[in-house]
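Next up: a single chain in structure tokens, the form predicted alone.
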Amino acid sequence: MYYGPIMPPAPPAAVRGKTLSKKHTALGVLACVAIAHAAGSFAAPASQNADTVKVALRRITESQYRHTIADVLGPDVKIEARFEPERREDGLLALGSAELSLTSAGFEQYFALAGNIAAQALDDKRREKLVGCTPQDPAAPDDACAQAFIERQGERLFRRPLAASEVQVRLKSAALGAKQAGDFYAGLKLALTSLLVAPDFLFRIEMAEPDPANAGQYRLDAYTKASRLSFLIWDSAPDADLLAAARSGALHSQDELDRQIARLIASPKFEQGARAFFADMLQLDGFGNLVKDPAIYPKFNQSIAENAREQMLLRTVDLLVEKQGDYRDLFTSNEAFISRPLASVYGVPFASKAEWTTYRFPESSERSGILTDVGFLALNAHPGTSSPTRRGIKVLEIFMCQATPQPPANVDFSKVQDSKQGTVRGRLLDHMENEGCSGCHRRTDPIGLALEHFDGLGQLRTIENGMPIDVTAELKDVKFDGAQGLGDYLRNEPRVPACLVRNVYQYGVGQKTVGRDRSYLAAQTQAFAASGYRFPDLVASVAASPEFFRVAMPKQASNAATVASTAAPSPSPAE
């Protein structure tokens, strides 16, 4: 994990190689120097003391970045950039974020983006509302107005109050920039840019402090608690109300914690949090690299891919957030959202003038649940064919939290990949009977074979190479027929809701579950069932639990805490 300073930025690509005026050249150099100085290292927050320790560091995701900018600086601020690649661990990008650092090239991208965002946020149309004060002279520095802006926006972006040193370094940058440019707002842009490229914004730095109720133990500080709540429920930074609860310390009480959770879930922004979670869990980032053979699937294009991704989110959020329905119905409901581009793939009419409309598929269509959405079927197939094995692997991984090992290096795939010979079922028999392959294929292939009435794009078909497709399957002595049978099987499979519970918890804490979490996860799964498998209730239950805020102390930090506690003199009876 990377904890070191960020490299100073190179000149933004937009100005590299261009001839600039003396004023802009000087201001550009000043910007690089001032911003690099302000963003170069992790500062100690004002609320922390010498006993506070850093326990985790996570790079914020692209969606968290976008949502935070929209919430803090305005939803009309445009973000047009390519972000550094994210990493998936144990099925979740949220877990991989704890393993990510920031390259110098990536920082240069963030630097250029930060400058662009600052310019938009402080343009003539937005500055009055955002800044909150008017400089005495718009052509000169104004420390009082600049400081108020830096402290207010810095607290929202850093998700905690700024230390005095953090304010002062940006105040100096703002004053120097204002003098150099003869423009108060030009200096303020430097200060805002430095906030947007600081590690404290780009990373979620989780801090722990001594627990006053339990000697020798640590707890997450209130601002870290606030961030865990807001990023889990809203996929964004804490708002003013939540920061105020952290500032006062009230967030450490269960009553205030419950109040904040209820408020966050009741907000319309809970939907964006749910979308972010399910986009991660369903691995929808794969649509960015989805390709299909145009000769085999001429209907496929980028619009189809984008609509297929959105359809899966619309189905999920409508059922689980808008209707607060039973999570298990996600696998059996034949009601879906369709758009005009998707209607051609599904082969159904689209009479609406709206971009999206609901459509109920008849029982005879075999469309039943999210596994029969074009998105899931196309994403988990080959460019030119379907793939029962790949689909089965993803069902196990995404919905039952069961990983499938990589195949042996000496496996011969030629028979399976020969799409001109019979049906896939026949071609897979070799692997299902092969001693080195059967262990995995007997788990994955029955699931995928039940979906074989859908081709590699998710279009309905019943014939392959002139032969009828058999979609009967058996898994652990349970027989089912086709996609509808598979949906019923998953709806009644207890590992499915248990997997969702595990994913919500891991997503929120940014850590993989371990053996000690089993009893906690089992209790949460029972509570989830008692709620009628309602997703908002699950999120609230996890977020309100002590385990959600349990401190995982780094080894060096826990050793230091032990040394500090044993070195402290014991109080006398008089004390």
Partner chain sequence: MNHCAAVLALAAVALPGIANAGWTKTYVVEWNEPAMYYGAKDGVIDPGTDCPAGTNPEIDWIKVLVDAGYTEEEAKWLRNPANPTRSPVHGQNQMAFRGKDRANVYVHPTSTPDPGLVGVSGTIGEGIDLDGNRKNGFTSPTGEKGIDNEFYRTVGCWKTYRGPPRLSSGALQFNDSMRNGGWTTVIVVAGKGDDPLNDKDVTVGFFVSADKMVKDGNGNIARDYTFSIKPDEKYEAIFPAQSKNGVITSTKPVTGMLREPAYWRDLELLRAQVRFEMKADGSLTGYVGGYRPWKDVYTGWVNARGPVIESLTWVQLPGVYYALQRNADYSPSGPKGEKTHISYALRVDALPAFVMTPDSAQQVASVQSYRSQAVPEPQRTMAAIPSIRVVDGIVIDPKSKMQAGPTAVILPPKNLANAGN
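Positions refer to the first chain, counted from 1. Just so it is clear, the structure is predicted and the values come from calculations on it, not from any experiment.
There is also a form predicted together with its partner chain; it is not shown, and the following applies to it.
Novice: With heavy atoms only and a cut-off of 4.5 Å, decide whether Pro341 touches its partner chain in the predicted bound form.
Specialist: Yes, contact at 4.5 Å.
Novice: May I ask you to check whether Leu157 falls inside a 4.5 Å heavy atom distance of its partner chain in the predicted bound form?
Specialist: Taking the distances in the predicted bound form, the answer for Leu157 is no, it never comes within 4.5 Å of its partner chain.
Novice: Is Phe270 one of the residues lying within 4.5 Å of its partner chain in the predicted bound form, judged by heavy atom distances?
Specialist: Answer no; every heavy atom of Phe270 is more than 4.5 Å from its partner chain in the predicted bound form.
Novice: Whether Ala163 contacts its partner chain in the predicted bound form should be assessed with a 4.5 Å heavy atom distance threshold; does it?
Specialist: No - in the predicted bound form, heavy atoms of Ala163 and its partner chain never come within 4.5 Å of each other.
Novice: Which of these stretches, 142-150, 222-230, 299-307, 252-260, has heavy atoms within 4.5 Å of its partner chain in the predicted bound form?
Specialist: Selected stretch: 299-307.
Novice: Tell me, which of Gly216, Gly288, Gly182, Pro294 has a heavy atom within 4.5 angstroms of its partner chain in the predicted bound form?
Specialist: Exactly one listed residue reaches within 4.5 Å, namely Pro294.
Novice: Scan Lys78, Arg360, Lys129, Arg82 and let me know which has any heavy atom within 4.5 Å of its partner chain in the predicted bound form.
Specialist: In short, Arg360.
Novice: Can you list, in sequence order, the residues from 346-363 that come within 4.5 Å of its partner chain in the predicted bound form, counting heavy atoms only?
Specialist: Going through 346-363 in order - heavy atoms within 4.5 Å of its partner chain in the predicted bound form - the hits are Gly347, Val348, Pro349, Phe350, Ala351, Ser352, Lys353, Tyr359, Arg360, Pro362.
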